[in-house]
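In C-alpha cells, the next block holds one chain alone, the form predicted alone.
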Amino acid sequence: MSGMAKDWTPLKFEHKRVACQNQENFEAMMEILELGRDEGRFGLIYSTAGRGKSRTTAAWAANHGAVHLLMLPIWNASELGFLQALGRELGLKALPLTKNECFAKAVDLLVSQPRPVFLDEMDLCPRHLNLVRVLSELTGAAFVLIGEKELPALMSQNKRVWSRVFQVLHFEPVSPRDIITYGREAANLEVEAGAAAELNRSPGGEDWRVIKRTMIDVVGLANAKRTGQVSVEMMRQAIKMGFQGVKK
C-alpha cells in the first residue's frame, strides 16, 4: 500500500469500535456480575473522559436487552425526573406523575423482566445513589454505574452503597496498538508503530474522540499523497492540523 499508487482509490473513513483490553475486561465483569443474579449489586466503571465507556456499555446493553440511561444533571434535584426517565427506558408507556408510583412501576418491571441497568455519568447525580441502591436490592437487578474518576470517591462516602459494589473496572488509556488497529479497520490505513506512538503521546492521544478527529485528518492527507501508509511525519502534520487556531 505504500508509495504513490497509479490507480488510486480514495480512502474512506468509517468509525469502528475496535477490540481492546478494556472491552475484554468489561465482558469479564458482566459475566461475574451475572453470577450474583437475584441479589442487588453494583458494577462500577470509571475513567477520564474519552476512553470508550459509553460506547462499550451502550453497545452491550443494546445487544443484550439491557437498559442504558444517560443521567442528566438536572435530575440531581429531581427524583421524579430520574424515575420517569428510567420507567420510559424500561418500557412504560404512560408515565406516572408521582415519585412513589414511578418507583413502584420501575420495581415491578425489573422484577418481571430482570435485566442489567447501566446509568451513565452517574457522577452528575450523586444524590440518587441511595435510591438506586434500594432499586437494586428490591429487584435483584445489577446496576452498573459509569462515570469519571470522581465516581468511586462519591460512592465510597456512602457505606451502604459501597458495600454493594461487586465489581470495579477502570478503563485504561488507549494504547498505540489500539490506534494501529483503529486505523486499519476504520480507513484501511497502515499506521506505522512510530506514528501510532506519536499520536498516543500527543495531547488527547489517549482519548478516542481526539484519535477519531486526528484519523479523519490523516485520511485527508493520505488521499492527497495517494498512499495508505501513515508515517511519523504524516501523523505529526495531522496532529498539528487539529491544533490550528489554538493559541498558547
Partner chain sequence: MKFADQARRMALVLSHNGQRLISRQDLGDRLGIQTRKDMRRVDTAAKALVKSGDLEHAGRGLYRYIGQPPAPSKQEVMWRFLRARRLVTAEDLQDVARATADYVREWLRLLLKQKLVRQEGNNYRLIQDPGPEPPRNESKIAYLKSRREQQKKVLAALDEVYLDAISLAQKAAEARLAVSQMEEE
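Because the structure is predicted, anything quoted here is derived from the model rather than measured. Residue numbers count along the first chain shown, from 1.
Not on display, but discussed next: the form predicted together with the partner chain.
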The partner chain: the contacting residue among N100, Q157, S112, S163 in the model of the complex [heavy atom, 4.5 Å] | S112
The single option of R177, R88, R127, K149 touching the partner chain in the model of the complex, heavy atom within 4.5 Å | R88
Stretch in contact in the model of the complex with the partner chain, which is absent here, among 185-193, 61-69, 198-206, 217-225 (heavy atoms within 4.5 Å) = 61-69
T181: touches the partner chain in the model of the complex, heavy atom cutoff 4.5 angstroms = no
Should R213 be classed as touching the partner chain in the model of the complex when contacts are defined as heavy atoms within 4.5 Å?
-> no
Mark R17 yes when one of its heavy atoms lies within 4.5 Å of a heavy atom of the partner chain in the model of the complex, and no otherwise.
-> yes
Classify T48 as contacting or not contacting the partner chain in the model of the complex by the rule of any non-hydrogen atom within 4.5 angstroms, answering yes or no.
-> no
